[in-house]
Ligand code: AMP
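Here you get one chain, nothing else, as structure tokens; it is the form predicted on its own.
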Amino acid sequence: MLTVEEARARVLEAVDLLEPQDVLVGEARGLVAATDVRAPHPLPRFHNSAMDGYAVRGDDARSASETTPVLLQVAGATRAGDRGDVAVRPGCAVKIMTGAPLPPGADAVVPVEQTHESNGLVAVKASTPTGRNVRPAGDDVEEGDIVLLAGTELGPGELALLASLGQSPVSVRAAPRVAVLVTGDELVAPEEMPQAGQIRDSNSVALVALVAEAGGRVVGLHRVPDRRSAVVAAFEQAAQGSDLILSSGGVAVGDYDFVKDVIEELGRIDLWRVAMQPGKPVVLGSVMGVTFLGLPGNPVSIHVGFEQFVRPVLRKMRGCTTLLRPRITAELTETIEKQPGRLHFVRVRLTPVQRGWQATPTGRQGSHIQSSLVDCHGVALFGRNESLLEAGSQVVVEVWRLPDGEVAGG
């Protein structure tokens, strides 16, 4: 069996970046910049006031104080959106609002709280040298600066900057289109009452949520019975209009596990079985020219396999610069044991402590124990050749989400 790292490398090698497309900046949240973005102009575009007050010449207002105010003639007023073309001559001031362009001749702004206006004159009661309370043109971004690198994920801050620079539409890579298949005669919809021998389908719910969190877009969801003809038809349909086909169940070697055989009939198998627990039966292949990833049917195997293989694939297709979750070192709070031979992914909760982090297993670790995923912050890596990790030892934890509920990046 391949190691997780070997299998992941093969899986990533099988997919390419999606083609760039132009999207209006207001519709690009969560997408990834396809090219570097340079500023077409400075930001701010012009000198402007940092507050409400009076635009003045620093030479006129530098000596002002509470006890010896400087009197200046008010030559006019300007607000945000005005052209700001009322000039400030020596001995004059212009009333100005926050964000308004600095008038010609002015080089400082006196806050309104430090002034008193009466009969067309304003008393400046605080020293206001050149440059005070002025936002210079290019103070944030200079023309020609690279403001975003290709591979940057576009969140609210990135989108706001692009909008300020007029970068709409923006070149991005679209969300990968994912067809999801869940197999099994035993599955019924979550809303249905299971009959004898049936179970509610949680895998489709999990996979749709996982795909969305990883930046993909589910374009087809199929619940497939354990009949070879149904599996063939489902895969043929899934290959139409998708960038990736993702399935759960049917990849083992049971009498009713048809997925592997059908993939070989419709395309090819490139990888099968990985030295990991949970989730050993992992299939990489191609169906009618579309990359296919098959995960086992056990609920926990779905999550672990998705994190190790599917999420990195989706992030590569999207053009992300980081493909894997971040990792930290934590102190294990409980002793755990296993048989050597496979890398175990132990679901854990993380607790911040003064000296770093503690990791506590989330209960029983069987691949069917869905409750082990509740309030789970990630997985501790229990090495392939290890059999015992004692409480107090240091473990590497792959972080899926932080204790406050935020999703971990990368």
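Residue indices: 1-based, along the sequence shown. The shown structure was predicted, so the numbers you read here are calculated from the model rather than taken from an experiment.
The following text describes the form predicted together with this ligand, which does not appear among the structures shown.
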query: Touches this ligand in the predicted bound form: P296 (any heavy atom, 4.5 Å); finding: yes
query: Contact test in the predicted bound form: G216 vs this ligand, heavy atoms, 4.5 Å; finding: no
query: Contact of R200 with this ligand in the predicted bound form (heavy atom, 4.5 Å); finding: yes
query: Partner contact for E186 in the predicted bound form: this ligand, 4.5 angstroms, heavy atom; finding: yes
query: Heavy atom contact within 4.5 Å of this ligand in the predicted bound form, the stretch among 202-210, 143-151, 265-273, 304-312; finding: 202-210
query: Residue among V231, V109, V182, A330 with a heavy atom within 4.5 Å of this ligand in the predicted bound form; finding: V182
query: Contact set, 56-72 vs this ligand in the predicted bound form - heavy atom within 4.5 angstroms; finding: none
